[in-house]
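One chain is shown next in structure tokens, namely the form predicted alone.
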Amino acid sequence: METAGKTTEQSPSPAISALAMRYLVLAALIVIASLGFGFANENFFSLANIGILLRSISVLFIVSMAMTFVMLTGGIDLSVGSNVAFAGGVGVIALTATGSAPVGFLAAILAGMSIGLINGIFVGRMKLSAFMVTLATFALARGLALVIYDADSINVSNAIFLWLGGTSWGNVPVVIPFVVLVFAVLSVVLYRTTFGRDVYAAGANFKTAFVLGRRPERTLVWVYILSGALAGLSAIITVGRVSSGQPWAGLYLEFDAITAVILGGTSLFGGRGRLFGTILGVLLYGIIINGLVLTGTNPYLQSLIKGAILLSVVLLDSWTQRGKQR
């Protein structure tokens, strides 16, 4: 006869979680890549290059955080790069017409949100494929940008409009503290609000989330609107960096963002991922690209390396997901 006080044998818990291990690996890769490129080119660790690196990936930081929200729901947003060009065009035109930087800011963000709203309605409400819908708005937004700019750039001289993307405090771009602020706000939204819990629930199991009354279709609409708003914000930074609006701004940005987000541990299948992992993924990806440029790597070879990185992380994510389903 077994006694009531008999203790059951428990399997020992892992010393470190898979998520923490992922972050440690990413941090180690960041250090290794930095040291490698530092040995290859002594200018890599210069304050000037670090400033250039941080400024160049500031937009990728913001867009990738938006992409994290989208991918946590099991979706994807291929329109973000084109949306940056479109929103920037609307913002620059509004600035030119009114001479008011706040009006230009508002116009850019609202323009980005309008593309996000279209994506959200078709994906969330009409339950169409996120890939196909955002592929369509990818072409739509880029076409609108080309029409707005008449396929030519528009110079911008308004100091207020250019401040966020073009100003530095010494070697530190102003946009970097701003990115930290955006990260903090989005972290609160994702981890401390009902909306954040709904995002994870929609990605983990859409039907179950619906049965539990979480309204996942509405969550998807707002996630894509958020992605559009952050694309509009990225457009303002992009214009500030180059002092002009460009119809080809944000080209292949969606590719870079998806790569960085998956590299940071967010699952292609939704429901799993953290913003901190995305930040590490962007840092590693940005360091690799910056290092390749500094070492004079052939641009065509750079594209090949980017493709190889994306393919590798997609395969890794797929294998991880299959292992969890066994």
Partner chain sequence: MTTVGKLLRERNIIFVTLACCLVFYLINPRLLSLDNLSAISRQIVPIGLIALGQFFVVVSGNIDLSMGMASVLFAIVLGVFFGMTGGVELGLLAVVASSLALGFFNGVMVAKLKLPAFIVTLSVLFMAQGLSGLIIPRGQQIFLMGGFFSYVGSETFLGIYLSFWFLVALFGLAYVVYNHTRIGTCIIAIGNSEENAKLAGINIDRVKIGIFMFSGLCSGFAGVMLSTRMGFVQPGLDGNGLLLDGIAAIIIGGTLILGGRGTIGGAFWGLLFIGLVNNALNLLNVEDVWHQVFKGLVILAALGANWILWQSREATAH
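What you see is a predicted model; the values in this text were computed from it and never measured. Residue numbers count along the first chain shown, from 1. Rigid core here is just the name for the largest C-alpha set that superposes within 1.5 Å across the two forms.
Another form exists, predicted together with its partner chain; not displayed. Remarks below refer to it.
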Exercise. Tell me which of 263-271, 29-37, 287-295, 53-61 has residues with heavy atoms within 4.5 angstroms of its partner chain in the predicted complex?
Worked result: 263-271
For this session: Identify, from the list L162, I93, V172, L140, the residue with a heavy atom within 4.5 Å of its partner chain in the predicted complex.
Result: L140
For this session: Could you check which residue among I225, A107, L233, L144 gets a heavy atom within 4.5 Å of its partner chain in the predicted complex?
Result: L144
Exercise. Heavy atoms within 4.5 Å of its partner chain in the predicted complex: does L275 have any?
Worked result: no
For this session: With heavy atoms only and a cut-off of 4.5 Å, decide whether S129 touches its partner chain in the predicted complex.
Result: yes
For this session: Indicate whether its partner chain has at least one heavy atom within 4.5 Å of a heavy atom of I118 in the predicted complex.
Result: yes
For this session: May I ask you to check whether A48 falls inside a 4.5 Å heavy atom distance of its partner chain in the predicted complex?
Result: no
Exercise. If you look in the predicted complex, which residues in 276-305 sit within 4.5 Å of its partner chain (heavy atoms)?
Worked result: N298, P299, Y300, L301, S303, L304
Exercise. Superposing on the rigid core, does the Cα of V293 end up 2 Å or more away between the shown form and the other one?
Worked result: yes
